[in-house]
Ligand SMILES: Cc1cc2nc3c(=O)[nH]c(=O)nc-3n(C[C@H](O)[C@H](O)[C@H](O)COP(=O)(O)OP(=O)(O)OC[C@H]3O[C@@H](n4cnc5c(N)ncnc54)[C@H](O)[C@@H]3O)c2cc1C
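Presented as structure tokens, the chain that follows is alone, the form predicted alone.
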């Protein structure tokens, strides 16, 4: 069976790899290459952030967590495991994603201003290495990535079309439920931080620190329904200042770059379902919000199940 996957972000590439490994002939069609997608701007960690519905997201997250743990063991794809410390200014109930994190616990001693915490081992993905890894893995196995700007989904060739277009689905399949959540990523020099730190209920804006071997990713913003991707140097400085509250060593860290990405959210949650048009199956796989990396492998496996059931 010949399958076209539309979209070359982390969702599209992961889906294409799992389809190819399941025996399908697969091509990826995309107007923009992987380096020019929202995925390239992502933080990125395993964390179900800004995504619904919880019952399906937790299942997809567990599958992806297993895949990332395997990549860590094999030293592939630029994936590391860091201790994540999420600090809370108000009492935090058990998170809905707790069942996917068996080592989740809380700190007995907290920094000033915080009353609760979540602590767990968290996969951290360096997208500068991870996206090229996905491309190489797909192409080396016989997959093809082709440049194409589709005016409609039915322009894609193949027996089956898989729609992994993220925000593009708003126009490509006229889904008005799709909307952006704008996020600014600030990359700074790493002053020696080896833990993921976050303060998600900070007044005036959340803050998080994601250490990578050569730098730290600082955040963040979560501006819903904002389409402007213009970088804001003043905001980058404010984000660095907020993150310095979590680790003072960041106050003077050199800013290496700051980029804006639009997370592809959807008011009714992720759309992963089969649609038949004129006898041809289409599988939609978009609307992953701030958890595209986290859900990617689990959603990819479900796409295969949906196609087999069709």
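Numbering follows the first chain given and starts at 1. Computed from a predicted model, the values in this text were never measured in an experiment.
Only in words, not in the display: the form predicted in complex with the ligand, which the text now covers.
### Task
Name the residue from 208, 118, 130, 97 that puts a heavy atom within 4.5 Å of the ligand in the predicted complex.
Looking at 208, 118, 130, 97 one by one, just 208 meets the 4.5 Å heavy-atom criterion.
### Query
Considering 74, 149, 225, 144, which brings a non-hydrogen atom within 4.5 Å of the ligand in the predicted complex?
That would be 149.
### Query
Just one stretch in 270-278, 55-63, 27-35, 247-255 has heavy atoms within 4.5 Å of the ligand in the predicted complex, so which one is it?
This holds for exactly one stretch, 27-35.
### Task
Classify residue 41 as contacting or not contacting the ligand in the predicted complex by the rule of any non-hydrogen atom within 4.5 angstroms, answering yes or no.
Answer yes; at least one heavy atom of residue 41 falls within 4.5 Å of the ligand in the predicted complex.
### Query
Does residue 262 make contact with the ligand in the predicted complex, using a 4.5 Å heavy atom cut-off?
Residue-level check for residue 262: yes, a contact with the ligand.
### Task
Report whether the minimum heavy atom distance between residue 168 and the ligand in the predicted complex is within 4.5 Å.
Output for residue 168 is yes: heavy atoms within 4.5 Å of the ligand.
### Query
Does the ligand get within 4.5 angstroms of any non-hydrogen atom of residue 298 in the predicted complex?
Residue-level check for residue 298: no, no contact with the ligand.
### Query
Taking 3, 17 and 284 as the candidate spot, are all three within 4.5 angstroms of the ligand in the predicted complex by heavy atoms?
Zero of three within 4.5 Å in the predicted complex.
#### Entry: Partner contacts for 163-194, taking the ligand in the predicted complex and a 4.5 Å heavy atom cut-off
Stretch hits, in order: 164, 165, 166, 168, 172, 183, 184, 185.
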